[in-house]
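A lone chain, given as structure tokens: the form predicted alone.
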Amino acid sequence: MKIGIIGGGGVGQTLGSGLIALGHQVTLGIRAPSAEELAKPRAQGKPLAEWVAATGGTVATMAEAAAGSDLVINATHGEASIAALSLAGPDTLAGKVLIDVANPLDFSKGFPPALSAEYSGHTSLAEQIQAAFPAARVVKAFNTIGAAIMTNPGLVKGEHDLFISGNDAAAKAVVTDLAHALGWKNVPDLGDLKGARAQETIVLVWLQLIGTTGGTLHNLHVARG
């Protein structure tokens, strides 16, 4: 499958590497993929030129990454996601599964952050993305864990979960299959995109645990009676 990832930071690079290892063709989409830009360090990631050399993936503009893909992943900063996806192009997103990995976090008062006011309450970033791009098939997934765990759930011992939500059952099935291929055993379905409100809140628990444990290799599990 051809996969376009919007965002070239650590999350995009990690997901891209894991998906390439499964045999997918991955293009990271950034604003200006010049040689100078590819040589710069990226947030929580390596210079993109190094990532390309190590993985065989490609880097292009956001619009090119989306247009040439069968499936799109939003791996941008949550507060900038809609603007970035607008650069990717509404027409190129139409009909495609769009996995929203982003979290709308406000770090203005330090760590731990809060959810951005614009994307909290009776809405979520994923719902707002769906409203902005109504022809896309938005699925919220991979946002409640650290980047390393996204493609290697075995880093966390024991049972733990990858939550998903979305309005399109077939799109959720595609994402669930992708998660299973990456090694995820438990993929609880939280229903339609209103479930993304819970997912974006869950990440606050994950972040709080960083402060109390000093590490990032943790996740949550739903135990049923």
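Since this is a predicted model, take the numbers as computed values, not measurements. In case it trips you up, residue 1 is the first one in the sequence shown, and so on.
Although not depicted, the form predicted together with another copy of the chain is the subject of the following passage.
- This chain is drawn without another copy of the chain; in the predicted complex, the residue among 171, 182, 156, 59 with a heavy atom within 4.5 Å of it is 156.
- In the predicted complex, at least one heavy atom of residue 209 sits within 4.5 Å of a heavy atom of another copy of the chain.
- Looking at residue 90, you'd find every heavy atom of it more than 4.5 angstroms from another copy of the chain in the predicted complex.
- Although the partner is absent from this view, residue 22 stays clear of another copy of the chain in the predicted complex, with no non-hydrogen atom inside 4.5 angstroms.
- Another copy of the chain is not shown here, and in the predicted complex it never comes within 4.5 Å of any heavy atom of residue 134.
- Heavy atoms within 4.5 Å of another copy of the chain in the predicted complex are found in exactly one of 118 to 126, 91 to 99, 135 to 143, 68 to 76, that being 118 to 126.
- Residues 212, 213, 217, 218, 219, 220, 221, 222, 223, 224, 225 are the ones in 210 to 225 with at least one heavy atom within 4.5 Å of another copy of the chain in the predicted complex, listed in sequence order.
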